[in-house]
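So this first bit is one chain, no partners, the form predicted alone, shown in structure tokens.
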């Protein structure tokens, strides 16, 4: 299991890729698989841990990103013969090693940061086993082995009673629509809590921070699991008014796990995650979002939790990967052909 080393696995607060790698690794361990997790040295796991980076480079500025990433990826492939399959939860760079080993590599594509990186995925499409995290995030130039939605350890999420405030949870960036959440909450006459890491400082300073007054709009920073659970369970709804093609949206299914409906823009995966009128509302703009806030009493919070239990549990995710790993190993596809 090759995890990102931007953050610890599992992350202390922000770190969706590391969270998915952790949930999958721990789920496979529980099922009796012999798993080696390649992650930061401070990671917590029931698997064997192999580490090059002492900590996440987003958390320790003394770490040289390229040096540690290079050594981190190399460590997996230098030991590839020890494994039946390599689960690449990192990104596209490990693919450049994949023709050098007979061990099949299953790569989860967490999103495309740029159209430029598709070139790398296409170069290894003939031997790769690509997993899309939503049907919406499939690139037409690539061949996929499966779509497997992310899953959650539902024991870490408590169905909450809701409350009189709205919640924004995620990266503070124009793509995520933090400023729209502020506008919608103001027009709906409800307080807003903003939680998340600042990914665009200029955007935060100009369009978010001026509205933070500690009362109607509160910013609580990046939050860990316990505080995230409390905030989600105590919110009337999660506002996810994105302005990009969302590959998945882990905060959305976390909200459902806490019994909290989601008001979202139907971009990217959102129409796969939110059942309009049942677990939240899909809206075209801020006007529709304000109207949706008024319709929140029609949503049964138990239905939101049930959706998480049936569609977004860790067991369901592990089932999908376990089935895929077995099939890949049995087929032998992606193994290096014998030398001429």
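Residue numbers count along the first chain shown, from 1. Since the structure is predicted, the reported quantities are computational estimates derived from the model, not experimental observations.
In what follows, reference is made to the form predicted together with a further copy of the same chain, a form of this protein that is not presented.
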Candidate stretches 286-294, 299-307, 269-277, 55-63 - the one whose heavy atoms come within 4.5 Å of a further copy of the same chain in the model of the complex
55-63
Partner-free chain; cross-checking a further copy of the same chain in the model of the complex, the single residue of 93, 212, 220, 226 with a heavy atom within 4.5 Å is 93
The listed residue (230, 138, 186, 99) that reaches within 4.5 Å of a further copy of the same chain in the model of the complex by any heavy atom is 99
Using the partner position in the model of the complex, report whether residue 112 sits within 4.5 Å of a further copy of the same chain, counting heavy atoms only.
no
At 4.5 Å between heavy atoms, is residue 69 in contact with a further copy of the same chain in the model of the complex?
yes
Any chance residue 197 has a heavy atom within 4.5 Å of a further copy of the same chain in the model of the complex?
no
Hey, in the model of the complex, does residue 78 get a heavy atom within 4.5 angstroms of a further copy of the same chain?
yes
Under the 4.5 Å heavy atom criterion, name the residues of 119-138 that approach a further copy of the same chain in the model of the complex, in sequence order.
119, 120, 123, 124
